[in-house]
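Okay, here we've got a single chain as C-alpha cells, the form predicted alone, with questions on binding and movement later.
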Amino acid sequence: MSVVAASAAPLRTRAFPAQWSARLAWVGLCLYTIYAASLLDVTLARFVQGIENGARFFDRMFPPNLAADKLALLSTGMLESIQIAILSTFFGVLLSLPLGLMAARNLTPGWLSWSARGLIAVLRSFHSVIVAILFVKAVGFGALAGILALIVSTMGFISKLFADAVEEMSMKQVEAVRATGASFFGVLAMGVFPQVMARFIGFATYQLDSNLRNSTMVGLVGGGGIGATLFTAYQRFDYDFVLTILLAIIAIIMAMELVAGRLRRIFQ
C-alpha cells in the first residue's frame, strides 16, 4: 500500500493552478485605472452633477417641436443625409471590390496584396469625422465633403472584410475553373464571386446602415445632412427641436435596418 501511495503522490496536481502573472496583470490594470481616473478628474461628485444637468436638459427637450417650419428643415436635412449615405455607399462599395480582390493573398502576388492591405490600413486609420474635416477644408462645406469622407470610410471597412472573405473561401472551385483555361476575370466570375457574393451583399447593406448614422456625424463638422441641422439646433438652444431630430434619426435607422434585413434574405 505504501508503494502504491508513493507512486501516486507525484501525479497529484492542482485542478486550477494559481496564475500569478495574470493576477499581477489584473492588479496592475486596476491600479492604473485608478491612477488614470485621478489624472482625468473622474470623480463621483462630477458624475452626480452630470446626472442633475442631464435631467434638466431632458426636461427642456419635451415635448418635441412639430411646428411646420421645423418639420420642413427636418425633412430637407434628413433627405440630404439619406442621399449622402446612398451615394457614399454606392461609390465606396464599387471601389472596395477591386481593392479587396487585390488585398486577397490567395489570388494576387505578395507585393500586390501587401500594398493593397497597406492602403486599406491607411484608409482605416482615421475616423470619418476627421476625414470629413479634411474634405471640408478641401472642397468646402456641404454634402460633397460628407460623401467623400464616407467613401473613404466605406473603402477602409468593406475592402478589409471582402479580402478576408475571399481568403476564407474554398480554393477547390477556383482551381477547377483555372484548370479549364479560364482567364483571371473568368475565375472571378465562376470561382470567386459565387462563393462570396452573399457575404459581400451583407457587408454592403450593413455599410449603408452605418453610413446613414455616420452622415449625421460628418454633418456636425460641415459635411451636410441632418447633422448640420442638429448642430444648428444645439447652438440655438432649440432642445425641443433637437429631440424631434433625434427621434427622426432613430426612425430612419430602424427603417433602414428592416430594409437591410430584407435585402440580406433576398440575396442569401
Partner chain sequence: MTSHPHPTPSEAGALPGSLLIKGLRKEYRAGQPVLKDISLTIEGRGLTAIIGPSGTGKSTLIRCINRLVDPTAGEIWFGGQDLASLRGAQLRAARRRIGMVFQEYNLVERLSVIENLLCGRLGYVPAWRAFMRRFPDADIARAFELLDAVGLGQDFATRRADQLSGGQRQRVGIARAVMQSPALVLADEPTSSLDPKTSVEIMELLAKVSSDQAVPVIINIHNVELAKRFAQRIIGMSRGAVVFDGPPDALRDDHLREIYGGEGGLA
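Here the structure is a predicted model, which means the values were calculated and not measured. Residue numbers count along the first chain shown, from 1.
Keep in mind that the form predicted in complex with its partner chain is not shown, yet the notes after this line are about it.
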In the model of the complex, residue 193 touching its partner chain (heavy atom, 4.5 Å): yes
Exercise: residue 75 in contact with its partner chain in the model of the complex, heavy atom 4.5 Å: no
Any non-hydrogen atom of residue 185 within 4.5 angstroms of its partner chain in the model of the complex: yes
In the model of the complex, residue 173 touching its partner chain (heavy atom, 4.5 Å): yes
Option from 157-165, 75-83, 185-193, 134-142 whose residues, in the model of the complex, bring a heavy atom within 4.5 Å of its partner chain: 185-193
Joint contact, 177, 181 and 198 to its partner chain in the model of the complex, by non-hydrogen atom at 4.5 Å: yes
